[in-house]
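Just the one chain here, laid out as structure tokens, in the form predicted alone.
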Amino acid sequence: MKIELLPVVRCEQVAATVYALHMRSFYFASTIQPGQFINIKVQSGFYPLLRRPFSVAQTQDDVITILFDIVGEGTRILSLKKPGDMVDVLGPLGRPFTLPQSDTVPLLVAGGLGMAPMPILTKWLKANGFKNTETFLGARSKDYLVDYQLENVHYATDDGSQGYHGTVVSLLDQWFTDNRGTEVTVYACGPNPMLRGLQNLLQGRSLKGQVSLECVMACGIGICQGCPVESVNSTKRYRLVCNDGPVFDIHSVVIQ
């Protein structure tokens, strides 16, 4: 883990309000693992004061990419970055995803911009011999679907404007019914209501899963204690998303 000033390669709009920021760093590109994140100070000075956490979406040679939606002043500032601008980055942070058993099919499940860690995860799984990954992507409508560098995508929208009419969890449940007997490992990221539904679905079917939790993280390294998540059946009642996660066994945490 270290702090570097990274030069911006480019910042491109990939959906209505979603941007991909590409930054150059051999260190980060060679050390980041799928599911880990970086903490960015969006500009010099004291405003915005706190760093923002972002999943690393992809690496290519010596370039790392993050995906973000404009939701406040910090992300608005990031969306205006130009080639050559410098970005203050802390990382790599957090615990990554782990490989599934060799005889399972990886299923990637994401809601909205919960898809952000999935492109690098897809690349990593393929590099480790898992060629048949399936991706399930859900959103409110087709305007909010972001499938940047995803493969074998099954779509679900709440309003039925693209793909399955319903939630991504319901779509996955249907896939399980149609593919009985297939050994799978689920990788998920998205809003908590979606993750709670997914947790219940996997518990009911006695299936394994790993979940990357989304959380506001002020420091990203465990000092501020601002990102607790309750444990299940553990002597340690609370764990920190930044240090103990953001990736957890989906059955090991209470998703609020």
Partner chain sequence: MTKVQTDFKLGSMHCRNRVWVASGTFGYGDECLDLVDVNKIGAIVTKSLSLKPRDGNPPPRVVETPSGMINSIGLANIGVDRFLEEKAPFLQSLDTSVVVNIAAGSVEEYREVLERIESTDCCDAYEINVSCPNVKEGGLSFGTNVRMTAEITRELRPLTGKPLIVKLTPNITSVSEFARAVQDEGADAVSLINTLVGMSVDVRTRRPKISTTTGGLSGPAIRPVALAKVYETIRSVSIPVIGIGGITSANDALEFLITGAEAVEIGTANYLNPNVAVEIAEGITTFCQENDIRNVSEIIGTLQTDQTISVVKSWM
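Positions refer to the first chain, counted from 1. Note that the structure is a prediction, hence the values are computed from the model and not measured.
There is another form of the same protein, the form predicted together with the partner chain; it is not shown, and what comes next is about it.
Novice: So in the predicted bound form, are A16, G112 and W124 all sitting within 4.5 Å of the partner chain, heavy atoms only?
Specialist: No, none of the three is in contact.
Novice: Taking the partner as it appears in the predicted bound form, which of 62-70, 196-204, 183-191, 38-46 has residues with heavy atoms within 4.5 Å of the partner chain?
Specialist: This holds for exactly one stretch, 38-46.
Novice: Can you tell me if Q225 lies within 4.5 angstroms of the partner chain in the predicted bound form, counting non-hydrogen atoms only?
Specialist: Contact check for Q225: yes, within 4.5 Å of the partner chain in the predicted bound form.
Novice: Just to confirm, L90 within 4.5 Å of the partner chain in the predicted bound form by heavy atoms?
Specialist: Output for L90 is yes: heavy atoms within 4.5 Å of the partner chain.
Novice: Could you tell me if A218 has a non-hydrogen atom within 4.5 Å of the partner chain in the predicted bound form?
Specialist: Heavy-atom contact with the partner chain at 4.5 Å: present for A218.
Novice: Would M1 show up as a contact with the partner chain in the predicted bound form if we use heavy atoms at 4.5 Å?
Specialist: M1: contacts the partner chain in the predicted bound form.
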